[in-house]
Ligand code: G3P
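Coming up is one lone chain in structure tokens, specifically the form predicted on its own.
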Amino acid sequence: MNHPIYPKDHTFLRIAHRGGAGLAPENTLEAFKAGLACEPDAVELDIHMSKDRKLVLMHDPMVETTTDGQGEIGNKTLAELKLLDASVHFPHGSLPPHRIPTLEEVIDLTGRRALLQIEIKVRADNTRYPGIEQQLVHILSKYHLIDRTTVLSFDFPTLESVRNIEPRLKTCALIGRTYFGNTALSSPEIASFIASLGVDCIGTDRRFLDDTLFREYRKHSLTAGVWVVNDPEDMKRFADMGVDFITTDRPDLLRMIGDRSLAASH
């Protein structure tokens, strides 16, 4: 189903992935500062739950992917996570230590400058963090951001849980390499299945979104976007396709594409 915050013409929402992962270490406050400087329509971020039930930002469940630590996020307290340097694997030069932020810290930084796309992650064994959906809804309610947030997940039961807790929250199913590698469904069947989930939108890995699948999404009135698009030519191609949102590590480049598309549509 379409939602009023999404454009109805061929302009699209520009989403800064992990804050701005191509500009600063992903999912850090520095990434969000860099991403927000590009004036995106929304910022995307990933949340896990610490051992003491705090919502923290990181893409993978294991801290070694982006920090100088080892182990699983869910087995560490917030205080332990705050000791880690989240900049050590950033490819562009030596940086001072960057800390893992909490969701509240990012919200305090972002304010109402951009919409939020929050992806709920699962543990390393693919199980859900007990109560993570309720904790997220509590925080969003406290900050009065229910109407400015879309909750994303590859785990469809997570999205169902979110809708049951707070029906006003928009939800977005994500599908990518794992989904397409495990399904024999045709494009019409995929679109029909996604529509049956009752979600507000669908985000598809750029490698798998073609004109055929996009047309099927539209037949089911699905709001449809694409991730992660970092090449300007690909940005232009998907903008011309008519997608509702484009998610990128390079919001600086997407800003230029978006401005051109916006100008061409009016």
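Since the structure is predicted, the reported quantities are computational estimates derived from the model, not experimental observations. Counting begins at 1, following the sequence as shown.
Heads up, the form predicted in complex with SN-glycerol-3-phosphate (G3P) isn't pictured, but that's what we're talking about next.
Asker: Is Asp155 part of the interface with SN-glycerol-3-phosphate (G3P) in the model of the complex - any heavy atom within 4.5 Å?
Answerer: Because no heavy atom of Asp155 falls inside 4.5 Å of SN-glycerol-3-phosphate (G3P) in the model of the complex, the answer is no.
Asker: Going by a heavy atom distance of 4.5 Å, is Glu105 a contact of SN-glycerol-3-phosphate (G3P) in the model of the complex?
Answerer: Taking the distances in the model of the complex, the answer for Glu105 is no, it never comes within 4.5 Å of SN-glycerol-3-phosphate (G3P).
Asker: Heavy atom to heavy atom, is Leu84 within 4.5 Å of SN-glycerol-3-phosphate (G3P) in the model of the complex?
Answerer: No, no contact at 4.5 Å.
Asker: Counting only non-hydrogen atoms and a 4.5 angstroms cut-off, does His59 reach SN-glycerol-3-phosphate (G3P) in the model of the complex?
Answerer: Contact check for His59: yes, within 4.5 Å of SN-glycerol-3-phosphate (G3P) in the model of the complex.
Asker: Within 4.5 Å of SN-glycerol-3-phosphate (G3P) in the model of the complex: all of Glu119, Leu174 and Thr247, by heavy atom?
Answerer: Verified in the model of the complex; spot residues all in contact, yes.
Asker: Using a 4.5 Å heavy atom cut-off, which residue among Tyr217, Trp227, Phe32, Phe238 comes into contact with SN-glycerol-3-phosphate (G3P) in the model of the complex?
Answerer: That would be Trp227.
Asker: So which stretch, 229 to 237, 209 to 217, 44 to 52, 65 to 73, is the one near SN-glycerol-3-phosphate (G3P) in the model of the complex (non-hydrogen atoms, 4.5 Å)?
Answerer: Single hit among the candidates: 44 to 52.
Asker: What are the residues of 182 to 207, in order along the chain, with a heavy atom within 4.5 Å of SN-glycerol-3-phosphate (G3P) in the model of the complex?
Answerer: Stretch hits: zero.
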